[in-house]
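The chain below stands alone and is given in structure tokens; this is the form predicted on its own.
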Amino acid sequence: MRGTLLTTIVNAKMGHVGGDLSVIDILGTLYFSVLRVDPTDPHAESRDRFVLSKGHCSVALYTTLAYAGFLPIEELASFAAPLSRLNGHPCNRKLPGVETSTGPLGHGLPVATGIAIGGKLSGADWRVFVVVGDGELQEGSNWESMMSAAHQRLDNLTLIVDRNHLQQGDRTSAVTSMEPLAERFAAFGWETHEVDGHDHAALESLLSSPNTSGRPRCLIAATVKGQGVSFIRDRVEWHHKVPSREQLAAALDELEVAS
């Protein structure tokens, strides 16, 4: 999927390559091993709900949805084209499988918290998962939602933090430090875990395990921005820089060797 998302970004001449590569293992684990969703019935009432708060990494989501059967893989070639269903940010009115339109940072967790409250009120057994970027945790709306989710004892809500330590322009620690992040979530009343965000088995084990704590769950997933491609990996300038055709060829060669 890394090769596919890179090719999609190069063809469209736009995208957020660094964050797409950091989050793709999390999305793949969710859609192929954890979420109870059906691409043939994407609006089924019994489905788990997923919100990608870091909506600027839409290409990673579209790629995952395509490989999961929600849309033809060939449709990825229409990303960001006029009248395409695949906008720069996900739109739930256009593409089945996109639960919530996202883009403005700091909105995904509040929306997911509201969905989880709705699930509790209706007695539903479906679960809510949300992925946020670590940079967007600097938005205050997240911390209000963390308090609310803990107060409401939303054990049907799981938050995954894509902790790649980079944001647009600089390292998160240089903009606004959030450490000790795990301790902060725990202090807010969340069941908190730290995990390698590129380790599919470790992610699946935690994400699939029943939550019996009576509290919302948070996974701080340690990732690397640009994971998989050496000249993009952990480099701040690749937040939304687009590879050249020559760089794409080099990246695809590297990914082929690694696989």
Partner chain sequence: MSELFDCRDAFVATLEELAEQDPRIVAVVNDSIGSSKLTGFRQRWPERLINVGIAEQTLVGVGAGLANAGLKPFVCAASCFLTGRALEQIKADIVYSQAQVVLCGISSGVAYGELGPTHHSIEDLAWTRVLPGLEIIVPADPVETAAAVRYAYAAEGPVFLRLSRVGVPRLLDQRYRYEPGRAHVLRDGADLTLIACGVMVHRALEAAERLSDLGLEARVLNLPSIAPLDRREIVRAAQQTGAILTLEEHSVRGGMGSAVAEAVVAEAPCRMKLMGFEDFAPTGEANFLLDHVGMSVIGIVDAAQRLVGEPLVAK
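Treat the numbers as computed from the prediction; the structure is a model and nothing was measured. Residue numbers count along the first chain shown, from 1.
Quick note: we don't show the form predicted together with its partner chain, though the next part is all about it.
Options 168-176, 72-80, 86-94, 130-138; stretch whose heavy atom lies within 4.5 Å of its partner chain in the model of the complex
Looking at the other structure, the answer is 86-94.
Counting only non-hydrogen atoms and a 4.5 Å threshold, tell me whether Pro180, Thr192 and Thr223 all contact its partner chain in the model of the complex.
No: none of Pro180, Thr192 and Thr223 comes within 4.5 Å of its partner chain in the model of the complex.
Using a 4.5 Å heavy atom cut-off, state whether Arg47 contacts its partner chain in the model of the complex.
Arg47: contacts its partner chain in the model of the complex.
Although its partner chain is absent from this view, report whether Asn156 comes within 4.5 Å of it in the model of the complex, heavy atoms only.
No - in the model of the complex, heavy atoms of Asn156 and its partner chain never come within 4.5 Å of each other.
Using a 4.5 angstroms cut-off on non-hydrogen atoms, would Asn164 count as touching its partner chain in the model of the complex?
Although its partner chain is absent here, Asn164 would stay clear of it in the model of the complex, with no heavy atoms inside 4.5 Å.
With the partner left out of view, is Leu121 within 4.5 angstroms of its partner chain in the model of the complex by any non-hydrogen atom?
Yes, Leu121 sits close enough to its partner chain in the model of the complex that at least one of its heavy atoms falls within 4.5 Å.
From first to last in sequence, which residues of 137-154 have any non-hydrogen atom within 4.5 angstroms of its partner chain in the model of the complex?
Read in sequence order, the residues that approach its partner chain (within 4.5 Å, in the model of the complex) are Ser141, Glu144, Ser145, Ser148, Gln152.
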